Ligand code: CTP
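In structure tokens, the next block holds one chain alone, the form predicted alone.
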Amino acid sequence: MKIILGVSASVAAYKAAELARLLIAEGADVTSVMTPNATKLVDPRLFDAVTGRPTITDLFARESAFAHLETARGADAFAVAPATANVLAKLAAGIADDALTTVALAVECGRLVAPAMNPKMWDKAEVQRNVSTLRELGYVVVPPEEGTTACGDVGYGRLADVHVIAEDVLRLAYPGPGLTGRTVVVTAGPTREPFDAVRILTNPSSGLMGFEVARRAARRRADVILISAAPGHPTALGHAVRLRRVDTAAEMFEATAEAFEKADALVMAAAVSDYRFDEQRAHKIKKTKGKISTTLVPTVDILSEITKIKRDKLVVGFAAETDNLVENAKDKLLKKGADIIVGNVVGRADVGFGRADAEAVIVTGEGVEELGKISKAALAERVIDELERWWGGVR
């Protein structure tokens, strides 16, 4: 995967080095191209060191008269981060007067810009006109974030989180149709069933598994709806992922059923509580020396209810087990009516809830694939492989 990273003269230029590092960590070959003014803010040798490749700064470098064209050949994605108002205007007008803008016209791959500038500049009609023009030309635009900029002004203008930009670049660079045109619903995290105003019934799930599935489906060009009860963001999400927050099992069922109506697949990676309190107290119950008794009642079985209406859609369920992993995953496949069950071990210190690794199996009607100990990132890739295979007609 070959990615060209353009860097223009924003104060946020130093963040581009971290963006390059993130892309390289995902297996990309990155070549940086800097505008002349950007080199006055950040030394090109920083990008030389991070990428392991010479940074292109001069359109007329004597070492190679056609370095910009050689760089453009075979690129899988071209991204400018940060993109100043000046560079946005040049790209929108088709001006090619330096190495960066010339490469932008020479590439034959998808193009992306992540603007960064003073909020007053970002709000100007001419800047917004140029952004609209770039979208019409096929550019992906990663909008700036709101916050305090380097000059002290507050508003929209800060460079988007580089982790988010990286996800959008990786989606743009994906070599093939992947899941283009497909909508995938993913559930993640632990549900939380309230007991009173301050106490809940929950579990140690971090939501990492579901978040990994969501972002990796998005990288393969699916439109993703992530329904999460995780209290935080276990990992960054690109703009192809729509996040919906819920708390209880009932809320998750309602949100999942609604999203599934217009989706092609559901991946239920959430650790949904099997029980809830029969009564929720609106006030905090004061601590006493006496015992408190309560009754737990079953929550809605989301997977079973969804499979009743799935028709020809694909449903992937997860089975968190402390023992008899394969047998219990097989049993769940039969009883729940899912197409695929991913069984994973919980209750151990090295895998499961809140850990980066899993010990997993994938169970289908064709048999069992034992994956052993595997990172959740790699397991998410295997789950998406199954989706591609399913729709590719292999089954």
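This one's a predicted model, so the numbers in the text were calculated from it and none came from an experiment. The first residue of the shown sequence is 1; numbering continues from there.
As for the form predicted in complex with the ligand, it is not shown, yet the points below apply to it.
- Of the heavy atoms in residue 211, none are within 4.5 Å of the ligand in the predicted complex.
- Proximity of residue 161 to the ligand in the predicted complex falls outside the 4.5 Å heavy atom cutoff.
- When the ligand is considered in the predicted complex, residue 273 lines it closely, a heavy atom lying within 4.5 Å.
- Among heavy atoms of residue 80, none comes within 4.5 Å of the ligand in the predicted complex.
- Using a 4.5 angstroms heavy atom cutoff to the ligand in the predicted complex, none of 47, 71 and 76 count as contacting.
- Proximity to the ligand in the predicted complex, taken as heavy atoms within 4.5 Å, picks out 298 to 306 from the listed stretches 99 to 107, 129 to 137, 80 to 88, 298 to 306.
- When the ligand is considered in the predicted complex, only one residue from 240, 320, 170, 179 comes within 4.5 Å through any heavy atom, namely 320.
- In the predicted complex, the residues of 330 to 358 lying within 4.5 Å of the ligand by at least one heavy atom are, in order, 332, 336.
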